[in-house]
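Next up is one chain by itself, shown in structure tokens, the form predicted on its own.
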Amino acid sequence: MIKFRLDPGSGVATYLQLVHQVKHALRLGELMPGDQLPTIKEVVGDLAINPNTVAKAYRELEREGLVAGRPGQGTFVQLSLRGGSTADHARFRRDLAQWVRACRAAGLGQGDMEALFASVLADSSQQEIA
């Protein structure tokens, strides 16, 4: 089951942080169709946030067709966002971990690595369009 975290300094609305974390877990295969999300009450208890915030996040995920609420049972994953095979994910994760270690050894911080990765990702997207 997913364990939500909040970053109050991120500037991202709380409900969107929850939505993004579910999508992230779906892409990584940490959540699969049929899995149950934590109840609103559980999330409120863990994060000390307003229940309406959690409900809004779950409604957004439902609107996108990723989850479905079942009255009296909870909210369940409907779709996976994962692309590629498990072996591919494992290989790319190892490669990326090696890249992060090399960046840290070169003195780059997390912000530097995020900017570099985003830049390369944007460049590759532009190359696909051209």
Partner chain sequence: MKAARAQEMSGRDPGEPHSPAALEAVRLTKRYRGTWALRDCTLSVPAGRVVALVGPNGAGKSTLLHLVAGLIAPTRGGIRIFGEPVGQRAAALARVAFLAQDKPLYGGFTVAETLRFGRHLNPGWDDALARQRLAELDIPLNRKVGKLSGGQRAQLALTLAVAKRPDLLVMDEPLANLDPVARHDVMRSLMAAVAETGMTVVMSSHVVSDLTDACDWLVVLNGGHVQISGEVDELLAAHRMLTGPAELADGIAARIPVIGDSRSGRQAVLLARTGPGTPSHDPRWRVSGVSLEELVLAYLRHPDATVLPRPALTAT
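Residue numbers count along the first chain shown, from 1. Nothing here was measured: the structure is a model prediction, and the numbers come from that model.
Omitted from view is the form predicted in complex with its partner chain, to which the following refers.
- Of the candidate stretches 102 to 110, 6 to 14, 116 to 124, 21 to 29, only 6 to 14 has residues with heavy atoms within 4.5 Å of its partner chain in the predicted complex.
- Under a 4.5 angstroms non-hydrogen atom cutoff, its partner chain in the predicted complex lacks Q78 among its neighbouring residues.
- Using a 4.5 angstroms threshold between heavy atoms, P51 counts as touching its partner chain in the predicted complex.
- Using a 4.5 Å cutoff between non-hydrogen atoms, P33 does not count as a contact of its partner chain in the predicted complex.
- Looking at K41, you'd find a heavy atom of it within 4.5 angstroms of its partner chain in the predicted complex.
- Residues of 61 to 78 placing a heavy atom within 4.5 Å of its partner chain in the predicted complex, in sequence order: R70, P71, G72, Q73, G74.
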